[in-house]
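Taking the form predicted on its own, here's one chain by itself in structure tokens.
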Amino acid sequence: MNRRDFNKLMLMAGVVGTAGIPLGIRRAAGQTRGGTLDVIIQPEPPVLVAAINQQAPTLTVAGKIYQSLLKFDFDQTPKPGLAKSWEISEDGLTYTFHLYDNVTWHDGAPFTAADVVFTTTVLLAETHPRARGNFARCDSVTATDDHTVVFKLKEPFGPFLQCFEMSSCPIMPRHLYEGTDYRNNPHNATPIGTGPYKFKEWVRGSYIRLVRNDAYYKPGQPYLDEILYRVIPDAASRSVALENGTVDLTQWGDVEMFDVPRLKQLPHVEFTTKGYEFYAPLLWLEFNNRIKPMDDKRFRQAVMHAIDKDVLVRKVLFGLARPATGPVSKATKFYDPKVKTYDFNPAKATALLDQMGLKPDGDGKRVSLTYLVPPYGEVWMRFAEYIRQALSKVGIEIVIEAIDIAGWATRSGNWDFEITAPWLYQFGDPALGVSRTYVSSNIRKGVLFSNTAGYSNPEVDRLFAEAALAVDPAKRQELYSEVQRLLVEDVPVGWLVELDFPTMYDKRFHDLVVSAIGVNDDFDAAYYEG
């Protein structure tokens, strides 16, 4: 028994607070079947259906259950997913996908083109904050036979293929969802997908267990017997679990960033920041533009001048980020480095607040606002504490409010906040992951990750619409540069950092991070070599 196997037994005894979780057995070598991958999931997702919820923990687990038509390489080149091939007409209006003909749902029903038509034209239009806009561009979506789907667009849309990444378009089983209340469908509790791993059980507060789909359409795959997602609320216990080998994989914010420099040096641990290229997560302060004084851009500009983003990167995020300059990440197409920047300058912040008439009271306080902290770990509380400290120096009192993940999602989606700090994904193109935050047509109460700030600017709407339809990359760059200029001036949200999330895993596992969505991909090629 080696050290990590011993720690497995200790884990069963509750040493890190996860007693009762099944013990995985490893017996595979090379790309042969066998082995259990133990993974931390933090925080526990509210649901496992990607079509219903797009929060990070949901997508990480659901990515093994549900699939879409395409996958994407690190450079975001499309690869086959449920579609084995595809064609685009010369005029850029017709996309034809040819599906694998041997795919079945986890309940044994055949997967067909009808599932794709239902998902893209009906279900996601009601439940998905981005898919609704993406597929509204279609004039028609038809199944020409059981394994061919044809999308005809009203106008050319350059990034249309990127709409078929898993989190953007998880294909759902029509035979289980058609005509039902999607958000309350009983199958949401026992999800049925086409992916390489099937849902087995979920013990709330403890673990989620997925097992190999023996009917998977790729011969011999997947290789792992099962994946255990362990819910370990305590940050110190999560780090200990990776350090001692009681878990094999941490991702996103599972491990507090202050622990990363130490953990990535462990001899059994592989460290990478690859696998987040498609998302390019960008973190900002989200101001509720409906509430005074945040309805005044001078206030928002003042906040930008009051925060030292270099301190956030060095002292709070331990180098796992870069200062952000605007709405488009440096990792995303059409980023413009020439836009106006906000230097750290409390004197400018104070001057702007004075111009607004926000005079300090006897205690030096100009205004008090509540900061709703995303519940993703201690680092985000530290992040909030830095913001509170920085803004207090210019007379803005920040009252920190902690909340659970479901509550945060509900309140953010329903505009029930003053300030919060989400990080959103860019999805490879501003038309897919950026415009949704700023266009007035996406101010949709109850829909998380839409334009929840409530910002509206007709010129911004026009530029985003024209850029999405433009075919010439140079023209798109021109339009996106102009919209970046406008947004950076208006500061509808306060862009702070571009995140480099760490992924750390046991070196005996291979092919865990093989695409631009990394740990959110399906792991159908992952294997254990003990």
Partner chain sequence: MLNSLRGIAARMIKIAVMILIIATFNFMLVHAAPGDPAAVIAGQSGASDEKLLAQVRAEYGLDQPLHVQLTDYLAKVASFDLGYSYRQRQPVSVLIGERLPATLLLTVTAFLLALGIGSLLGTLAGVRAGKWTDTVISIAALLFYAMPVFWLGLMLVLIFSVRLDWLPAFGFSTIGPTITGIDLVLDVATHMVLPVATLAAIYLAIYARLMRASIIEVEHQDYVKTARAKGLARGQVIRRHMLRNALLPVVTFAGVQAGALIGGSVVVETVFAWPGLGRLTFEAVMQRDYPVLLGVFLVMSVLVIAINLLTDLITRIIDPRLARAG
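All figures in this text were calculated on a predicted structure; none of them were measured in a lab. What we label the rigid core is the largest C-alpha set whose atoms superpose within 1.5 Å from one form to the other. Residue numbers count along the first chain shown, from 1.
Keep in mind that the form predicted in complex with its partner chain is missing from the display, and what follows is about it.
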{"item": "Joint contact, 232, 241 and 447 to its partner chain in the predicted complex, by non-hydrogen atom at 4.5 Å", "value": "yes"}
{"item": "Its partner chain: the contacting residue among 280, 169, 439, 228 in the predicted complex [heavy atom, 4.5 Å]", "value": "228"}
{"item": "Among the candidates 392, 89, 190, 410, the residue which, in the predicted complex, approaches its partner chain to within 4.5 Å (heavy atoms)", "value": "410"}
{"item": "4.5 Å heavy atom contact, residue 221 to its partner chain in the predicted complex", "value": "no"}
{"item": "Its partner chain contact at residue 209 in the predicted complex, heavy atom, 4.5 Å", "value": "yes"}
{"item": "4.5 Å heavy atom contact, residue 117 to its partner chain in the predicted complex", "value": "no"}
{"item": "Distance check, residue 359 to its partner chain in the predicted complex, heavy atom within 4.5 Å", "value": "no"}
{"item": "In the predicted complex, segment of 338-346, 232-240, 295-303, 270-278 with a heavy atom within 4.5 Å of its partner chain", "value": "232-240"}
{"item": "Members of 165-204 lying within 4.5 angstroms of its partner chain, judged by heavy atom, in the predicted complex", "value": "183, 184, 204"}
{"item": "Cα displacement of residue 250 between the shown form and the other one reaching 2 Å, rigid core superposed", "value": "no"}
{"item": "Core superposition between the shown form and the other one, C-alpha change of residue 158 at least 2 Å", "value": "no"}
{"item": "Flag for residue 71, CA shift 2 Å or larger between the shown form and the other one after aligning core", "value": "no"}
